[in-house]
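Next up: just one chain, as structure tokens, the form predicted on its own.
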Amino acid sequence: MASEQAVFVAKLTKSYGKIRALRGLSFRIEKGEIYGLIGPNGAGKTTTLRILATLIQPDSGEARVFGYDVVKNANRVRAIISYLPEEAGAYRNLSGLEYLKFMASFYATDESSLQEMVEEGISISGLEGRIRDKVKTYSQGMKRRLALARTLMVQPKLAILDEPTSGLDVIHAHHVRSVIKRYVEDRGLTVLLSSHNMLEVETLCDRVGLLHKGNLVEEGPPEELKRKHRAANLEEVFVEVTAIA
């Protein structure tokens, strides 16, 4: 029986040749949390997300999603998660609607559930007026909204989001953050996200884990971290902790 602890990571290591991406990483995420992983480039954020999404395997350590081991029970994990990579794309020559239908077909059990997913995806994207246009005519912001729609419409238990608003203008970024927040509040979704946008992390996340050189060097609610480090914002915490570590 799967646990209701969303994510459990213990002593995780991963190397790429001589580069040690993770050096014994441990953290936990409770069901219904929005947990943010932040850190400098090369800190191990994307590697962690990819391990939890079952795309790569760790060298050692343990990682579980709702009680399922990401290596031994990879298929079980894939059935309850959805992963949005930073560079997620969509098929250029499909319309937005065709793309959502195509992606929903991998998860739907019948025509009725497929239609429900697609309608949900259209609503999430906010692209009703352009949903029948080809993806190649979409702006970067519209493509990102479509990708988020694809990620959430399948109603995962855990959404893994790598830089969900990367490259977006204020309006598109606000839409994406609002959708994530609403899904957590209304659907009980659990979210693990990585972002370089400190304001985004500060406003969205219940707790934050700060990675540096493959290790977790600080963790806690954003407000608590700011008090602890006498910082005006999370960016100052980020700079101070990575300078010390």
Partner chain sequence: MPKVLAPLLKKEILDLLRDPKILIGMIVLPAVLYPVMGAAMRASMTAAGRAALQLPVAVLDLDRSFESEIIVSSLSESGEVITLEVEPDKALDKALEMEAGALVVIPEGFGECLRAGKRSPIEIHVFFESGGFSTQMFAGRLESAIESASKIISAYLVSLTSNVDPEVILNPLELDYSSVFRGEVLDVPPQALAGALMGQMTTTPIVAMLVLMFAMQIAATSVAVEKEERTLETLLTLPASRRNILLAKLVGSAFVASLGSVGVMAGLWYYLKMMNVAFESQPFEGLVTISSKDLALLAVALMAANMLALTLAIILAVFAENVRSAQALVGNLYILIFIPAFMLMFADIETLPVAAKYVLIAVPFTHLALATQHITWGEYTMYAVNVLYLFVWSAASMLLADRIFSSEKILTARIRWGWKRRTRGNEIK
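Positions refer to the first chain, counted from 1. On a predicted model such as this, the values are computed, not experimentally measured, just so you know. We call the rigid core whatever largest set of C-alpha positions still superposes within 1.5 Å between the two forms.
What comes next is about the form predicted in complex with its partner chain, which does not appear here.
Colleague: Any of the heavy atoms of Cys205 lying within 4.5 Å of its partner chain in the model of the complex?
Modeller: Output for Cys205 is no: heavy atoms all beyond 4.5 Å of its partner chain.
Colleague: Taking heavy atoms only, is Gln57 within 4.5 angstroms of its partner chain in the model of the complex?
Modeller: Heavy-atom contact with its partner chain at 4.5 Å: present for Gln57.
Colleague: Is Gly129 a contact residue for its partner chain in the model of the complex, using a 4.5 Å heavy atom cut-off?
Modeller: Gly129: no, not in contact with its partner chain in the model of the complex.
Colleague: Hey, in the model of the complex, does Tyr99 get a heavy atom within 4.5 angstroms of its partner chain?
Modeller: Contact with its partner chain, yes.
Colleague: Would Pro156, Val191 and His212 all count as contacting its partner chain in the model of the complex, using a 4.5 Å heavy atom cut-off?
Modeller: So, no: the whole triplet misses its partner chain.
Colleague: Using a 4.5 Å cut on heavy atoms, which of Lys31, His196, Arg28, Arg50 is close to its partner chain in the model of the complex?
Modeller: After the contact test, the surviving option is Arg50.
Colleague: Which of these residues, Ala88, Leu168, Val118, Met142, gets a heavy atom within 4.5 Å of its partner chain in the model of the complex?
Modeller: Spelling it out, the residue with a heavy atom inside the cut-off is Ala88.
Colleague: Along 12-36, which positions have a non-hydrogen atom within 4.5 Å of its partner chain in the model of the complex?
Modeller: Result: Lys14, Lys18, Ile19.
Colleague: After a rigid core superposition, would you say the CA of Ser113 moves by 2 angstroms or more between the shown form and the other one, or not?
Modeller: It does shift by 2 Å or more.
Colleague: Inspect the rigid-core superposition and answer whether the C-alpha of Thr137 shifts by 2 angstroms or more between the shown form and the other one.
Modeller: Where the cores coincide, Thr137 still shows a C-alpha shift between the shown form and the other one that is 2 Å or more.
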